[in-house]
Each structure stands twice: as C-alpha cells, then as structure tokens.
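Just the one chain here, the form predicted on its own, laid out as structure tokens.
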Amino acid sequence: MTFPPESATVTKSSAPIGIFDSGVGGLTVLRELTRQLPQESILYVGDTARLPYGDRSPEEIRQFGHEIMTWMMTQNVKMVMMACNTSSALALEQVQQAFPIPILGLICPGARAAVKAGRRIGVIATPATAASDAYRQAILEADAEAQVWQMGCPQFVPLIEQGRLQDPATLAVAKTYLQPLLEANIDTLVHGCTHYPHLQPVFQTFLPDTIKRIDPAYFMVKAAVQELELLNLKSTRPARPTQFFVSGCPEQFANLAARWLKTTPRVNPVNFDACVTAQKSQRL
C-alpha cells in the first residue's frame, strides 16, 4: 500500500509525514503530531523485526536508518520524524545528508527543553544512546553550566514491547535504574527514548513531583511545525487515516498499539531489504 504520488489531487503539502521507530515508542510522537498538526496525514513505520535498537552497533543503526528512509522515499513523504532516540543519536546526520527532504531528530529539541527546565539533568535512555553521549553533548552545548547524569536502561524497551507495564518486575527495574539519578538530586528527567513516556504510570509511583519530566517528542513536533511553516508545507486539507507498517508481526504490533491508540490499527507488513534491492537494481 502506497500513498499516491503528487498529482492534481495530491499536492506536496498534502503528502504524508513519515514517522519511524523500532516499535511502539514512536506512538508518543504520533500522539503529539496529531495534537499539534491535526491536518497532517501520517505514515508510521515500526522496525519491529529488529528491535530493540538500543543493543545494536552504530553501524547497524545507520544501516537500518538508510534502509527505512529508502523505503519512505518510495511512499512520497514530505518530511520524516526519526522517532527513535538511538537513531537520532547515531544516524541522523548521515541520513539528513543522504536524502532530499527534511528529517528531524529528538536529541536537540529534548536537550534545549531540558536546560530551560533545570540545571541538574538526568537522562534515561537505551544503552546505545547513553554510550553515544549525544544528550550530554547537546545539553552542554545549550548550557555549559548544566550537570548531566545518564543512565542506560536496556530492559525498558523489551518490557514495554511485551506489554508488561503492570508487572511488579517493571516497577522494580525502574526503581533500580532511577535510584542513582535520585541520589544525584536531579531536578529534571529527560525521557531519552520514545518508549519511556509509556512508563509514566510506573514512574509516578515513586518519583517526586518536584522533578520535571521532559518528553522530547513534544518539542520535536514543535520543531516540525516551524519547519513546515518555513517551507510552506503545512497541509490545508483534512488528514487521511494514518497508515501503519511494520517489519515484524503486524498482529502483535496492532494488539500492543491498541492500548495507547484506543483502537486497533490496521497494520501492513514491509520488507526493507526488498526495497533496497529493487532500488539498487534500478540503478544498474
């Protein structure tokens, strides 16, 4: 299934915005996008066959990003939101240079919001994002006097993707990960993975209300609004239904996504390898 190409009835401004993540984490970006830009049509991709990204090497993350973007370009998207902090940390610059449409990441919008909220900033993220030091660097570029503590949280994404938010083990894991940040007396907590806002009910059971929570998805979408206005690409037509594609099991994604979408989406399979191979064949 493909969005139609530009024509008399589909203009560049009414083309869809692409969102991609390793799984359901990007639904937090989708939610913000539909709130702030309700006229925009959306194409959502979950690379569920290869999640979690947080344990992958930088080379793999860059390869995945290039494959997904290659496929996205065949879907006539006008902008792509990299709704994955790991990809934003490790692959954003490379894919921005390789493709001729606006591609937005999460790190810089999240970092700028964090320094406006506090000076003792904790970042929870996947191991790959934490190891990249991307958030620390972006935060210190925004405010050289800020203090930053980062915590890699490898178990969070699998627990969320397995739908285990009510599991007592999830609360125990969360307390273990966040305890060092609490001992550091942080005043601001950055959700350095788009999956993590799904854990808010868990965090609220033990995090002090005085700690400000930063969801980079909100600020990423604000940046998208500005970019679309600058490029005169905001849609003036009603949004078409969101289309969902996953590289893994469509039914599994649909059942999990339904918890946050309040409806079960129709999810299509996608094969990125086949798309890349076809593109290479066309160039030969």
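The numbering used is simple: start at 1 and walk along the sequence shown. Keep in mind it's a predicted model, so treat the numbers as computed, not measured.
Note that the form predicted in complex with ligand DGL isn't included here; everything after this is about it.
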Next on the checklist: Taking ligand DGL as it sits in the model of the complex, is residue 134 in contact with it (heavy atom to heavy atom, 4.5 Å or less)?
Outcome noted: no
Checklist entry - Taking heavy atoms only, is residue 115 within 4.5 angstroms of ligand DGL in the model of the complex? => result no
Next on the checklist: Is residue 108 near ligand DGL? Define near as a heavy atom within 4.5 Å, in the model of the complex.
Outcome noted: no
Checklist entry - Might residue 190 be said to contact ligand DGL in the model of the complex, defining contact as any heavy atom within 4.5 Å? => result no
Next on the checklist: Exactly one residue in 246, 51, 42, 257 has a non-hydrogen atom within 4.5 Å of ligand DGL in the model of the complex; which is it?
Outcome noted: 51
Checklist outcome for this item: In contact with ligand DGL in the model of the complex (heavy atoms, 4.5 Å), from 70-78, 139-147, 85-93, 175-183, is stretch 85-93
Item to check | Partner contacts for 149-185, taking ligand DGL in the model of the complex and a 4.5 Å heavy atom cut-off | outcome: 157
